[in-house]
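Quick heads-up: the structure tokens below are two forms of one chain, split into structure 1 and structure 2.
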Structure 1
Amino acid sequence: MTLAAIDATGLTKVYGRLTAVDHVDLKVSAGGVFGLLGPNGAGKTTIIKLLTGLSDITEGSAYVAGFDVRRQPMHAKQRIGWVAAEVILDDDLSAWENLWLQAQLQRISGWTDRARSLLRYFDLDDRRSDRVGGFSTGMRKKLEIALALLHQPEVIFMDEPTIGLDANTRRMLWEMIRGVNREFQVTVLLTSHYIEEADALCDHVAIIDHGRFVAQGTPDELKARVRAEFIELETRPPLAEAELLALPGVQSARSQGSGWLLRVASADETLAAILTRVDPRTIHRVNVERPSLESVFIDLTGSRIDSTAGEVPDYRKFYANLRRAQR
């Protein structure tokens, strides 16, 4: 029987009075792409830090590439790569010098042939001597993944790999992640709060909220759980709950900020009733959510995954400013 690439039981992390990860069970099959999907602050990055040995486990156990993260941390770390959300490249060095630095930090011997192969694979060979500061965002992401693959890991962690990228660059990264998974036969665990990203990339998904897994399965399995549609409705003045529950097809109504989240049997039927019974001039906002990973999250938690995402920080500018301040 093939061992799981990642196998965690009761994984827990407590910071003072805050339980950031709450007794999570996680099993990731070797060779697949597994997604942790949830809003910012849900515990996704903390799980990666626990699995990579960057943060101590409060309770529970975790095995990565067959090694106990708590008892054999160095063995586990030798077999994993990590692509962080923030920039890890040195803009003042060339692509080749960044690879050289990575090899020194990880004490990799005979790394040059591997580095050349990775530069060719990511179409960066002709830019190997150029300073990284002049690279496009897509090129930088390619080089970051090349660094993570340099020591031939069995598992690669990608923490919000496309955060802050425009739609075209994000889709280019999706193709690259699929290619890396196939070409290098490496297991990928990625975190994201982008619904379409998890749906497009992942074989299996765990939906996480407030440090707990609320659902796991393939994207199709998760979407099949929800036998309903959702309508977000905001009117001014607001409608009463009793008025909403009286509409045809409405199964439940939940207050959401200044509006309502309606679980309905058929959005088309309920919307038609709303438009005939409510003055359209009073409708401030209406949105329909049909079966998707987003609707799964709404059904389980009563809110959207991206409702707490907020503004995405520009890490590249932050680190560039930090380097200039240090000079």
Structure 2
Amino acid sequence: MTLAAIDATGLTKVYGRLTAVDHVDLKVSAGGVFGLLGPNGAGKTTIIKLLTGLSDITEGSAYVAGFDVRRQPMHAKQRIGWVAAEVILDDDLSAWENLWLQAQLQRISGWTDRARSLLRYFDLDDRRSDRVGGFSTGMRKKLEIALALLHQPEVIFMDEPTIGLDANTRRMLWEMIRGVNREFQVTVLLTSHYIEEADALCDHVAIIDHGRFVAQGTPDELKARVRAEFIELETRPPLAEAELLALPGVQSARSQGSGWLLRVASADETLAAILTRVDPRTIHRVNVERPSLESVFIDLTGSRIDSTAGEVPDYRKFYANLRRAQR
């Protein structure tokens, strides 16, 4: 029996005048790692809140682990785990007390053996009586995943699991998420705005922008969909569209900020032509986007998921949350 772990139809959330999630159809088959990839404010967190029953669904239906989130929220909640973007633990309690509380809230019996083996799995067994307030960021994240796994859920939701972590910890966490998915046979739904993360970690990716799915598929399928490459070009003074379209291999030109986004057959070929025909001193910025999930997003929306401009407030938000959480 391969029941869908998550099955949502026409899922919609309206906040006042803003439609944060707009008629999304989401089917996640059991056993895989599913990624929601999108820029800040796309609606990723909102989707998780709707699927976990934390936020009321405005319109549409959602089944998680076979239960209607609206009609049988308690049944669904017994079968899901949740890992927050900002790491939410009780700092005044020890690791073991956090696990104890989770077991009481999930009302599971015989949890101590599982708790012990989870602590061992995450290398936390020698710190189990220590207050969580003194844990490092990586340890806190691991404990949070252990909490999410304690009651043997069928689905785990992870909101931006690696946000704010350094490259090494992030890679370690990717390994861990894949390991958890395999060894505990739990379906993982994660959100991310890191292209490499979705590419490296997910079996299946849905790309989301302004509350809508713009594409869905395996990372390879999505990449194969975009045959073209992209060049972002900014010159001072700006070039005219006709000049750009006259360059060899250019399929289309789209204005992007104060520059242009060129869809080209081969970036190398066009780039060579640009360097000979355009005065290099006028080139302010040039960037080549090879086939990747980023270029899929660029192709579909004309903007970037992983804009550096987006990173700054994002990190600030993350650290603000972290400080709040650690107080």
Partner chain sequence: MTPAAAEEAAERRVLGWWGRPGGDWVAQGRQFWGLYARELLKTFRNPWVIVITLVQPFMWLAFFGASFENVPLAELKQLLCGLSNPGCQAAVTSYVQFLLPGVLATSMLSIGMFGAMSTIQDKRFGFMKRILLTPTSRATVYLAKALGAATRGLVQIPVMIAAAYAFGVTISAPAWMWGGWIAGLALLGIGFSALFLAITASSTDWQTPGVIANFITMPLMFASGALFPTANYPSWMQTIAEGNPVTYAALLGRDVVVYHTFSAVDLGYLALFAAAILLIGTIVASRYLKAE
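All residue numbers here refer to structure 1's sequence, counted from 1. C-alpha atoms forming the largest set that superposes within 1.5 Å between two forms make up the rigid core. Not measured: the values here are computed from a predicted model.
Engineer: Would you indicate whether the form predicted alone is structure 1 or structure 2?
Structural biologist: It is the first structure (the form predicted alone) rather than the second.
Engineer: With a threshold of 2 Å on the C-alpha, tell me if Phe135 counts as moved between structures 1 and 2 once the core is superposed.
Structural biologist: After core superposition, the displacement of the Phe135 C-alpha between structures 1 and 2 reaches the 2 Å mark, so yes.
Engineer: If you line up the core, how far does the Cα of Gly110 move between structures 1 and 2, in Å?
Structural biologist: With the cores aligned, its C-alpha sits 2.6 Å away.
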